[in-house]
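Starting off, we have a lone chain in the form predicted alone, written out as structure tokens.
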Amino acid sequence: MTTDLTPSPVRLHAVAGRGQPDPTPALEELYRGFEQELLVPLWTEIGDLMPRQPQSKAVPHLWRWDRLKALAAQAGEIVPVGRGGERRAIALANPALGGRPFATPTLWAAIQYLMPGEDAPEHRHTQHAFRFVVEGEGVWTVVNGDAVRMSRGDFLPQAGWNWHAHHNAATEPMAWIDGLDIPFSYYTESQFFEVGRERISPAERTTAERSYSERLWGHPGLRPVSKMGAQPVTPLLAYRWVDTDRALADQLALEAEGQAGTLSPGHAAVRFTNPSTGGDVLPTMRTEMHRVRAGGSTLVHREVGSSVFQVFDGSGTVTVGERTWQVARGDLFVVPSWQPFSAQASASGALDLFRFCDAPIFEALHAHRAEVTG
């Protein structure tokens, strides 16, 4: 059986309108000629291709953590981890992206779930990735033989084309979120993937409190003289919650003392950075942690590019475009390109938000733009 690979022409119609040529038989004949040669004139498409401002195909959406975790636990009882799917990862599918497992046109986010004693087999891929732990501990990720502990609040980046596997050494299941640039790689047709070992070695199961990468790179303001060259991706594989929490608390404490330090009144924020350059940890994704003081709120932000947020702790209200939600620990939501976003913490306590976005892509292309209003 053969498949006809001849592309279907775009059907053009002469329509009267502002900026359009008069619909005449000659214009219709011209359009039929365009169709035959698979040509599309810009004047019929400019409104869609060059809008006045970004018109994202994604929409604001919220996923509740309690439902995600319950479904992941159900999958843990039914779906094995192995060479079939490699990971028990369940992706967020933005309702406006045609059923693709994409949170935004460039970002992939998923809840990954590992049962006690389970191993997620080793593989590598060109897509950049990270793990962020909203609750639990006991899982270790092994990156190029370096075993890295995963605990609540930890951010664990991992650059593309590095071997990695996971194993749960605890007696309870563990869930975390994965973030990758899978949609960006998919649309740019740049993906490579390779399977590795089925199981990690016994030596890699003998896990130290601190990984090799942390012992070498995990010292604020200090770097090994033997590694002075700039590295395009972060060599540090774990950013620990104790350090993130202290940085956010210190910013708000300085503000309370009347000194500058916060992003805006009552809103502290830190960015995870590459210790060899000071830039973003990964070439395609920016990652940050935000804390809004109890009863406080952020300014209204919008920018070119999309973001995914997870509520790490606390509760409050978030507004994305025309949607407003009450959020609590673990909930995830999407901010599409150029949609206004703001958050307000409840009066009972601070609101902590983990954020990742695709800003490095647009900055590299000199296409990034941001706007902040009161």
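Each residue number is its position in the shown sequence, starting from 1. Because the structure is predicted, anything quoted here is derived from the model rather than measured.
Only in words, not in the display: the form predicted in complex with a small molecule, which the text now covers.
Using a 4.5 angstroms limit between non-hydrogen atoms, W108 touches the small molecule in the predicted bound form. Within 4.5 Å of some heavy atom of the small molecule in the predicted bound form lies at least one heavy atom of I182. The closest heavy atom approach of N274 to the small molecule in the predicted bound form falls outside 4.5 Å. Although the partner is absent here, D146 sits far enough away that none of its heavy atoms falls within 4.5 Å of the small molecule in the predicted bound form. Judged by heavy atoms within 4.5 Å of the small molecule in the predicted bound form, the contact stretch among the candidates 274-282, 216-224, 248-256, 117-125 is 117-125. Checking H166, H290, R302, R286 for any heavy atom within 4.5 Å of the small molecule in the predicted bound form turns up a single hit: H166. Interface residue among R100, R152, R87, R210 relative to the small molecule in the predicted bound form, by the heavy atom within 4.5 Å criterion: R87.
If you check the small molecule in the predicted bound form, you find no heavy atom from any of R64, Q310 and D331 within 4.5 Å.
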